[in-house]
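Have a look below at one chain only, the form predicted alone, in structure tokens format.
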Amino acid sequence: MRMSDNEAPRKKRVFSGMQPSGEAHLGNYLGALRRWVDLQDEYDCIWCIVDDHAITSGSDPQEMAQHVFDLAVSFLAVGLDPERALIFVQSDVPEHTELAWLFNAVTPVGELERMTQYKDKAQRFESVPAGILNYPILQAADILVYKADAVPVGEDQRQHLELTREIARRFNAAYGETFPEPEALIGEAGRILGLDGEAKMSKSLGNTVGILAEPDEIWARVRTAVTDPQRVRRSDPGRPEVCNVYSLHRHFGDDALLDRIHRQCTTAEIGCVDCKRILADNITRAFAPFRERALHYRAHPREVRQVLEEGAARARALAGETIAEVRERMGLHWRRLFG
């Protein structure tokens, strides 16, 4: 059908999700949330709290509900907008897990066993749960149940997205053209190292800071950050190019600030504690609006509930259309025998 002159073209659809482990942290913000906010201006966005994924990592059932709420508050605090995007909880849309089961019909076990994250996670278990192996199939279902055109991912998730594309190809070849092959939207932030300067930022490793943390807490965490290991004394010149604290400055300062810190560090005009103080103050200022919004949502939890319930209702409508089409293509329509 030809689009009329005054009809706007359909926006491309983007899907992404985050596991609920409570309040979002600095790595979540720099690696994902900041970009998600910007994408809402250009794309039809779907943001999901993926609690079905979380259970594969042994999450505490007693804490799950609070973690979901805290992450939802974080989503809203940073600027994810229910007027411009769907925001919901994965388990409220059972079509995700139904499609994941159906995708088992076209996904070779060998492909799953080759996944880097599976190899890493499997080492933590004496007996590996099937959910660890099938995790990427559910990820594919999360994306494809909405026929998403693109997915914002970091480099560490590129392999999972390629498997999603492969599952889409295999399904289309077996049952007819149904799913798009979503493209990767690779962000510029790259891999965000934790305050320890070694591992990826993670709440479980304690090498990050919450985006809703109070100023004193931000400073307490940032002051523990590892800097240039060869700079022992305050009078020693530093090497910003190997300092993780300096790499974090680029997310919270302009070129003039970076140039000034680089000069003052290499000439020992400032010490590592001074450098950390500047970073902590800039993080505190950047996150101040988030803390203010979070106070509102924590005081009005029914607003959060309404956002999630309305988002889930809209998501189920979209996902239901896809599941109906998939069932038809796979021959799961026995009622036809009765006319």
Ligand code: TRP
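This is a predicted model, so every value here is computed, not measured. Residues carry their position along the shown sequence, with the first being 1.
What comes next is about the form predicted together with the named molecule, which does not appear here.
> Out of 273-281, 300-308, 45-53, 59-67, where are the residues with a heavy atom within 4.5 Å of the named molecule in the predicted bound form?
Replying inline: Of the options, only 45-53 has residues within 4.5 Å of the partner.
> Quick one: of V245, C265, V89, V151, which gets a non-hydrogen atom within 4.5 angstroms of the named molecule in the predicted bound form?
Replying inline: Among V245, C265, V89, V151, a heavy atom within 4.5 Å of the named molecule in the predicted bound form occurs only for V151.
>> So in the predicted bound form, is the named molecule close enough to T227 to count as touching (4.5 Å, heavy atoms)?
In response: Outside the cut-off, so no.
> How about Y135: is it within 4.5 Å of the named molecule in the predicted bound form, going by heavy atoms?
Replying inline: So Y135 counts as contacting the named molecule.
> Is Q157 close enough to touch the named molecule in the predicted bound form, meaning at least one heavy atom pair within 4.5 Å?
Replying inline: So Q157 counts as contacting the named molecule.
> Hey, in the predicted bound form, does T322 get a heavy atom within 4.5 angstroms of the named molecule?
Replying inline: Output for T322 is no: heavy atoms all beyond 4.5 Å of the named molecule.
>> For a quick check, can you give me the residues of 125-144 that have a heavy atom within 4.5 Å of the named molecule in the predicted bound form?
In response: Stretch hits, in order: Y135, Q139, D142, I143.
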